[in-house]
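Coming up are structure 1 and structure 2: the same protein chain in two forms, each one given alone as structure tokens.
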Structure 1
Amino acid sequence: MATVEHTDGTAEAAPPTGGEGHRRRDFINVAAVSFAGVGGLAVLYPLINQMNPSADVLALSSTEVDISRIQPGQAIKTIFRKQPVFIRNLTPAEIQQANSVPVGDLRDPQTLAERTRDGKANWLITMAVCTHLGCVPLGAAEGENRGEYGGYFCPCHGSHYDTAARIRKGPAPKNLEVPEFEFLSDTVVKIG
């Protein structure tokens, strides 16, 4: 073990050689790893952030529609999140027709009650996008082909939907989707 003699004649053990060099090397390693970690986060943040919805989508996260002018038997087409939506005021005959279908006979079994709100069974709100390949079905406007079951007809590949917008015939695998919606009053519905 090395010793160091002082001018007054006393001696003590010398510090181990390279000790200060080890501390500097450790500091440089820690600093480099920290810098790399911060750099990695700086690179990943924009990649992850770009997966968030854009401002225009967030702005259209819900829409309110005045339904006071839709007469029984009529339907309108509106837009929600850049997608078309059907809002139909079902007649008592259309409601009866939808309720008379045995649910077990349906490809995508759902009752009309599952697709509407309590006390508002006459208001059917669905996305106006065929579940086969995304075409917009006919049946909302006056005089349009409503298909064999009186609901909607997709002219692209021949899917037929009934008065509850349930798939009855054709290649579509599912019923027209029912978006989230709530009635703000008797005349205004909020979709989304």
Structure 2
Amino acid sequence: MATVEHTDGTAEAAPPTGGEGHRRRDFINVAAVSFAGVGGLAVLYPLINQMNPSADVLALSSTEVDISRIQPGQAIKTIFRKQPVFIRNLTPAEIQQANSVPVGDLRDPQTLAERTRDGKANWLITMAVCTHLGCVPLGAAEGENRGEYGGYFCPCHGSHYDTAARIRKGPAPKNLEVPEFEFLSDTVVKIG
């Protein structure tokens, strides 16, 4: 207990509340605890942040793909940032089919034109990652199930994508994602 020493040697108890001594002690308490708290949080940051993707994973990689051999109606699977990508050469009938759907009816409304490049509407480039839980949909290789809408079909939980790789049926919430890409020439496309 804090006491006040008198010159004559008698001790007197400090008042239980208020008084200079107590307020100073409270201040020291609050200051020490908050300082330790901030310090603790600061220590937590690297411990948590170390789990985020590291610099080499983040380093923007890009992939160049030669598309000259992909015939209309065919598709290939390639890799971008360790994830599969579909590159598909749509037939005129498939383009027609994609354009004939009223955009307002779609779960994730987008036109084919918004998902392709001007003048190259036949080149549909999308991530091959189902927007539901990340499986690789079927439909790129010859003879694979393309689902009810002729695009891609995800076997995991039955999502159907149409010829513009837009979600039409099943649990997936979004269209297959279109990555950044540009045509370096008529036959080479750079993804990323």
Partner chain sequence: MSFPWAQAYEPKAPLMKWLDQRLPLPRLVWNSVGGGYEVPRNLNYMWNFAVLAGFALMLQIVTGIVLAMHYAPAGDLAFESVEHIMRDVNQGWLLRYAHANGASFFFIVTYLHIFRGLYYGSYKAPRELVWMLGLVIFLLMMATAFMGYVLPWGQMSFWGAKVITSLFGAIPLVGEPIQAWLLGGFAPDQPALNRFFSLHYLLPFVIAGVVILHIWALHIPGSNNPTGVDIKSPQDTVPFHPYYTAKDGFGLGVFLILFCATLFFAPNYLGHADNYIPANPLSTPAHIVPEWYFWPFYAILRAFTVDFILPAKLWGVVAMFASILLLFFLPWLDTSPVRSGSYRPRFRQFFWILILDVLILGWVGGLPAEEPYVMISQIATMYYFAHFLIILPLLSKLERTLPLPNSIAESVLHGEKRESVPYGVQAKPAE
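Take the two forms, superpose them, and find the largest set of C-alpha atoms that agree within 1.5 Å; that set is the rigid core. By convention here, residues take numbers in order along the sequence of structure 1, the first being 1. All values derive from a computational prediction rather than experimental measurement.
Annotation: structure 2 represents the form predicted in complex with the partner chain, while structure 1 represents the other form. Once both forms are overlaid on the rigid core, the distance between the two CA positions of Ser68 between structure 1 and structure 2 is under 2 angstroms. Superposed on the core, the two forms barely differ at Asn145: its CA moves less than 2 Å between structure 1 and structure 2. With the core held fixed between structure 1 and structure 2, Cys135 has its Cα displaced by under 2 Å. For Asn49, the displacement of the CA atom between structure 1 and structure 2, after superposition on the rigid core, amounts to 9.0 Å.
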